[in-house]
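Here's a solo chain for you in structure tokens, the form predicted alone.
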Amino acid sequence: MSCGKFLKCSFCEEPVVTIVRYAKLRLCKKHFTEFIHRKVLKTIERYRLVERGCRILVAVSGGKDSTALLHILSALSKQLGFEVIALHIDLGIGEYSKKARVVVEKLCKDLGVPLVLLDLKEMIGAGITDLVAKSKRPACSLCGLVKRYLMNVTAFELKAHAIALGHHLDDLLPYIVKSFVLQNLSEIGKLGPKTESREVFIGRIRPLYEVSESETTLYAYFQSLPIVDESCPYTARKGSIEDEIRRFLNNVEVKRPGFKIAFARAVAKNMEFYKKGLMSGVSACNYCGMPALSNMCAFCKLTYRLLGKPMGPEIRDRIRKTLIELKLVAQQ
């Protein structure tokens, strides 16, 4: 994708702000926005991500991808007849989390989207920074565990049909390639456009599955969306295998525009094969009732080891009360 300073838009007389090479389009700001909306709409329809009357919980971190996702889904929800509720988790990572919280609160207020705000430190007495200090686990692994648990509990208590994540094409393809090379095929089953809900596990959808990182960046910029303009302090340094694969895929895309989307669609077409074995052997945690591979879920194990007791039951109770206060669920 590159800019053409003196070119006109393919659909009007306005100046071009970007060229979408794989679609052979020159687009002004207005028609680029419409192009992204149509693209996400087609993704929703192609992979049957959302149905009329659905309640979708959108996980919003404050970064460009999740804010763009919420903005797009908020617009499409009126057209397709589904409900959007935002979820933000204040992870207690110093100034970074404070800035992210302000960004998400402003975005949701501007869009008129209900916001479920969970403060990890308030709920369990420790933020991610505190948990990392007590644990020997890598920060990103620990953070992912906590976020997955809180998202799933919130969605379950809301009776949401799915959790929408802001993962885009350039997030997913490097992990798909890595998983294939290492023959961790079941991991690919987690990286498609959607995973189905099962009992207390709420399925995930990725409406940005065919949208590139550069497109989400441009979208957020053109819509003047509030975003956190810095990376999480725990973000892994450059030089990973995924970074090497990402560069390779980008080089192929330059020579063969449309390759990455074709790749993503091919993977999605065979997703049922990769999903074999997913969720097998999963039962309910004896403490909180959430998905577990043994008698205790990963979150309850973590909090028991670091904080002295499994915190799952308290978390579920706190989240249920929060949703009742927000009038998103009825008091039982």
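So that there is no doubt, residue numbering starts at 1 and follows the sequence shown. Keep in mind it's a predicted model, so treat the numbers as computed, not measured.
If you look for the form predicted in complex with another copy of the chain, you will not find it shown, but the lines that follow are about it.
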Though another copy of the chain is not shown, can you say which of 159, 78, 255, 109 has a heavy atom within 4.5 Å of it in the model of the complex? 255
Partner-contacting position among 235, 251, 141, 224 - heavy atom within 4.5 Å of another copy of the chain in the model of the complex: 251
Taking another copy of the chain as it sits in the model of the complex, is residue 183 near enough to touch it, meaning that at least one heavy atom pair lies within 4.5 angstroms? yes
Within a 4.5 Å heavy atom cut-off, is residue 135 in contact with another copy of the chain in the model of the complex? no
Can you tell me whether residue 176 touches another copy of the chain? I mean in the model of the complex, with a 4.5 angstroms heavy atom cut-off. yes
Just to confirm, residue 286 within 4.5 Å of another copy of the chain in the model of the complex by heavy atoms? no
When another copy of the chain is placed as it is in the model of the complex, which of 302-310, 29-37, 64-72, 264-272 ends up with heavy atoms within 4.5 Å of it? 264-272
